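Structure 1 and structure 2, given next as structure tokens, are two forms of the same protein chain, each shown alone.
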Structure 1
């Protein structure tokens, strides 16, 4: 395949792609690089359709690129339903699209190796984003034996795709790019010999009678380890998933979440599109517009149904200086294309969000990126039996928790976007609170640990004094529990 959508020059980023490898996709050869996932390599080769809908057989392309949706599932070496967005390529692997109506798989599964391990830890953390890594550092400093599980081959969560510099204070890594913050946190985790980091390990269940968490770690093509893990305390830092919008054509390949576009551009150095329409003019929407320009992609417009942008002025000003149009009180009507995105139709709305007659406009684009918010990933918390509540201010269902972030399930803590949608800076501080709280409940740490927790809680309180956090504070009050005796 002669198409190559990789980015070879970038003003901020460089990529260690590793050595070239070859694999086959539906019988055709694909040249990839060792440090790419299957989905990234296919997109780089110009392949946008990964699967098809189960009823009408419409083509589907990747939407989230972090293993939380079903739009990249393929058969790999005969194994069905592999999440190709988080599965690294290997030399000689056989990748095939799946037909959801097939009752039998045409390619037999080759030799499958499964190892089983039983492990015990003081603290087990699910999720290696800013919250999970920060929790691991704090618990480890107190002397706890810690395990960190993450389904991605690249720990760091959303930080690994953020090229902008963060606001805040020294404690929250102000003035540092997100990708660099991820490196700092990972380095600190690896400095602690009492922390075991398990990338590509998917937590799949918790069995209360035995107090056992189970996870499946992918060790390579057709090689897996079943991890049976007992923890004295658990911290759930599973982050969030992208929201979508309902409109005709929203399932065409080329329509994806903003985070997926960031993953392709910033983690793998691959252009998801040549010309793009971004829906949502909040911080994520305008930041990704700037990052698209860095990647050599033309942003036709950033649209938002609201009358004003929700982004920080500094972020919105950047793209305005680059003459990228921000169209407020606009929304999308439909997306058109033959098997992939080719154009989009947008229209203006009035103060009651009704369409303005005659305002329709068709824009030629090959990418639609949705920056319309996130929903907390709370499935693991539900497996632990934590009591949940739907809180719109926090993005969806979230767990009840104490001020120390212990949920209604004793010994189970929450941190980061799984507790409510905020920012990476607040996730870092919540991670510290959860990590210190878990260790403290085990009798570890002492006065220094209590001081670290106090400082993190104080930082969060000050940060949330911003008028922008009024709704979030109201949401937290809805699920805040009293302390246990």
Structure 2
């Protein structure tokens, strides 16, 4: 009997998986669904080991599920190095494993089809999360011609993966589930005829000599669209990247980033594991523990090296009520297993983060999820030439910016986690500030636009009044520039 790790019953989510499609994996038939990517379909079929590492020949499985970590590379229809986690399945596809360092040259079954589009916009927004979508709505209201690019097939950014209700102010959609906020923002974006949304379009570069932003949309293994775009203003709302940790066994299939686990569970409706250990008891770790339970996965423990959880107490209390152990002052020693995760060894640390002798515990799990923090995704900002600084309070390297979120690169704005790690509510408000500012710098909009910006800035200030934001506010001071002239 073949394995099926798909979730067919869930308290909140349902999935439109599409029609069944068949493909072969190393010669064996696999049944998948049209709306799945190759990696998702393989995971659903119980396959965890996707490649052999290049030198040590270790088995590896997907770690990020968004086309970045390179642990899911396979040969598809004779094309080597296909990122299977972002490539949709197609009927009759031939999928094969290979050592990516030693792969044969391409032997494609069909030639590459590229559609080239040259486009101009008033405002081009990279990233369709809460910040990018909000920016698009604000700029569009002012009458700007707007494009929004996102690498994912499902715009909405991190919101899409959130099944819990948000709190905060009404203006930032408090009381609504993340997925639903994404829907609200998206439908508002779609109401504006002057906004073009480009899902599955990965911005690959900004070329200063040509003044051109290029993005590539993958329409299939052999079909691509190359978007060559010129914007009068740009807003970078690329969100954040997950941090990783170095520990023995950190590359075993089954160890993955929290985001990858969320993508599998919530986007594709696939159980990434049966029993997990979650590393990191901040908001992400705690929320994902709750989501795991919703998906029918047993959370053996949520551990954090710090003496107190960084998560909102409501969330932490909720998972404690569900009897999931949150072990503070604990960290991971090693992960064991033959070809995949079989168990994890954790230990306690003292106030100086030194191991407490004899505190080692072994936990049997088949999944380890890392929720050890986020760091701003600033690559595109670098390509625009924005000046950056390392600000620990904001999670890493972030751009200098004005109060209107314009960076040191003229006409290039930043919003959301890319400007510093905060959360969806602040991302929405930053998006509005960047969107209104970009539009108004083009001479668009009038008093209403000014008013919207004023309000967004006021809400943002109000939100950041909370003591939790003291550190973040200090961080922002370090990269705040005077107004541009």
Partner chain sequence: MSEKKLHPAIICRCLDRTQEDMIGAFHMMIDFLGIDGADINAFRRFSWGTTGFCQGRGCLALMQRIYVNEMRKLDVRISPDELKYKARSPAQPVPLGIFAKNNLEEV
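Positions refer to the first chain, counted from 1. Everything numeric here is computed off the predicted structure, so don't read it as measured data. Between two forms, the rigid core is defined as the largest C-alpha subset superposing within 1.5 Å.
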Q.
Two copies of the same chain, shown separately. Which of them is the form predicted on its own?
A. 1
Q: Kindly check if the Cα atom of residue 75 is displaced 2 angstroms or more between structure 1 and structure 2 relative to the superposed rigid core.
A: yes
Q) residue 220: CA shift of at least 2 Å between structure 1 and structure 2 after core fit? A) yes
Q | Yes/no, residue 455 Cα shift of 2 Å or more between structure 1 and structure 2 with rigid core fixed | A | no
Q) So if we fit the rigid core, how much does the CA of residue 51 shift between structure 1 and structure 2, in Å? A) 2.3
